[in-house]
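This document opens with one chain alone, in structure tokens, the form predicted on its own.
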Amino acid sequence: MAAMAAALRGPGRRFRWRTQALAGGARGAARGAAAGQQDYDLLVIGGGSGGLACAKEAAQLGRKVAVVDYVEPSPQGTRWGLGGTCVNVGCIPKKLMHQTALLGGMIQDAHHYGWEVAQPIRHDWRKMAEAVQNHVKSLNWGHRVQLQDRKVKYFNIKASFINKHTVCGIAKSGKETLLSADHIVIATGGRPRYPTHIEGALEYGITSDDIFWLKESPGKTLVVGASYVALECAGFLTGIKLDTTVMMRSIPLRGFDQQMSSLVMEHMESHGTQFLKGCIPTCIRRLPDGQLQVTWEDRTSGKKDTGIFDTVLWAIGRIPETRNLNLEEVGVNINPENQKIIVDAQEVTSVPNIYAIGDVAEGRPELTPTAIMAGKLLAQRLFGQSSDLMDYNNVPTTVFTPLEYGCVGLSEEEAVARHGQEHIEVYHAYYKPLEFTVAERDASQCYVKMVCLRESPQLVLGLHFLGPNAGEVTQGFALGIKCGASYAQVMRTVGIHPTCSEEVVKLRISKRSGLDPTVTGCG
């Protein structure tokens, strides 16, 4: 690598930013330098949502931009195209499979509304998977076209740093390419974590990198973990009538409001998802018939048990894609505990011309929309005379479990920790969506709460909504909270009737009052 970098230095050791195809290593670099090929204002490492947004914004501002992206196949061999986690193995396929499960529930409701539906209702995994994968591939192509339209150069290579302005990229064929730029943005995201200390975990388990690309149904599935990825996957698998069990070591949805998280889990349990609580897997073995025998231990009693499954899905967290970037070579600091890149408020790393955005950056929400906005704002600061910073406060999100959970702002626990119990007022309600009435659906877990400061005018600190279309409900109220809405202002907002979202503007009962928060009637 040092020889390659040296080959790029011109007379007087002044660095000249260039691109070279290194067919012959350092000598190839020297030949490329002599050829005087193109340079870049911005080089983005990572073709996910944040990286693409940053690259396209910089190109719109008239800069010469390149994107490098390479997907290392999963341990099970799954690979995909341009667009990152969200497009290929995250938000998009997840939401479509969630919708599949919701449709199954609606079909079951249909006879209550007079529809005659032939029984039994069957689901075809192969047909669903093909449709979802075809849509994902169309998005991959769309991203390629957008880059081309904006004259952003795309390289399908695995990049690592040579120095603070140069990376070396290796293609699948082994061909090496040197790329240099004034500014480099790291937007490599993360990948699912495997518990490699567990026998059989890597050989026989899959992750969210694989589940959406399976050609055949996963069958009876054990989901290990209690993250939003774990519960979302378990939710849609149960929804399409697959025998699904969640094995969780501790609490569900760590980092989210725990009252809401418990309600999410209660709803899933009451609708067919099985839970093994306080358990950890210790071994996976493949049986002669191809099924998987899983051994686990109950952490409380110490007793061991076994079960037979067709698929084991690991959903125990994610690790940032920083290990192969050669960051130590250029002095980019990372958090040694989680390998994430340390950045300041302007997304700058410890090296002034190198930046990091999205899931790879320390202290940032692992959410697609925040990465996209951070990428756009970074490009505008670098090339558009802007000084606007990304605001990571009051970022809304939704967990797409069977009963969706949308939230924005502080959880109740965070509000109490920050302001003290005596300074917090929580307004709440259990409600029944109109859609649940005729079909006689259970609405025991449909719940909404607003966390406010107790002192007038009672600034809204957080909103938590559990029910149908939670993402659609939360998005609108997120604007109000972002703008500093008070409880009084929310109460003066006229609701749209009959909707679930109107329950937010009808929150009159506080937890402190001790009154029954169950909504009755339209008032």
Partner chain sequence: MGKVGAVPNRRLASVRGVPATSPPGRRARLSSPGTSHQPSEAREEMRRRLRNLIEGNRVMIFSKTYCPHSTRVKELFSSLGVDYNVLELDRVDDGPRVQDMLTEITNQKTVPNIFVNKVHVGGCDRTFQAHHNGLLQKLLQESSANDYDLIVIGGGSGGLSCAKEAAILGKKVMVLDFVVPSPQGTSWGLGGTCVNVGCIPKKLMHQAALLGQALQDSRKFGWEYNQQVKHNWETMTEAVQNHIGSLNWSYRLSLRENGVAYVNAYGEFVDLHKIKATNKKGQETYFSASKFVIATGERPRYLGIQGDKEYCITSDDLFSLPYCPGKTLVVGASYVALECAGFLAGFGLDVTVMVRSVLLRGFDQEMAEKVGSYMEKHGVKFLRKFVPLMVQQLEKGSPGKLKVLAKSTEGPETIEDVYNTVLLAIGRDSCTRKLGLEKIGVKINEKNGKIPVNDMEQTNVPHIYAIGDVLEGKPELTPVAIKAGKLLARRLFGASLEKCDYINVPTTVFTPLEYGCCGFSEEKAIEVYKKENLEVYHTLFWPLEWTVAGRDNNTCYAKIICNKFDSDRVIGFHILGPNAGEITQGFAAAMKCGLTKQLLDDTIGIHPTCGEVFTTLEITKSSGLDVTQKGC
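Residue numbers count along the first chain shown, from 1. Note that the structure is a prediction, hence the values are computed from the model and not measured.
Unshown form predicted together with its partner chain; subsequent notes refer to it.
Novice: Can you say which of 66 to 74, 451 to 459, 483 to 491, 40 to 48 gets within 4.5 Å of its partner chain in the predicted complex, counting heavy atoms only?
Specialist: Of the stretches listed, the one contacting the partner is 483 to 491.
Novice: Although its partner chain is absent from this view, report whether Gly200 comes within 4.5 Å of it in the predicted complex, heavy atoms only.
Specialist: No, no contact at 4.5 Å.
Novice: How about Val343: is it within 4.5 Å of its partner chain in the predicted complex, going by heavy atoms?
Specialist: Flag for Val343 set to no.
Novice: Just checking whether Phe400 would be counted as a contact of its partner chain in the predicted complex - the rule being heavy atoms within 4.5 angstroms.
Specialist: Flag for Phe400 set to yes.
Novice: Given that its partner chain is not shown alongside this chain, does His428 nevertheless sit within 4.5 Å of it in the predicted complex, heavy atom to heavy atom?
Specialist: His428: no, not in contact with its partner chain in the predicted complex.
Novice: Looking at Glu329, Asp182, Glu435, Glu414 here, can you tell me which has any non-hydrogen atom within 4.5 angstroms of its partner chain in the predicted complex?
Specialist: Answer to the contact question: Glu435.
Novice: Considering its partner chain in the predicted complex, which of Gly189, Gly239, Pro252, Gly375 comes within 4.5 Å of it through any heavy atom?
Specialist: That would be Gly239.
Novice: Using the arrangement in the predicted complex, list in sequence order the residues of 389 to 415 with any heavy atom within 4.5 angstroms of its partner chain.
Specialist: In sequence order, Met390, Asp391, Val395, Pro396, Thr397, Thr398, Phe400 come within 4.5 Å of the partner.
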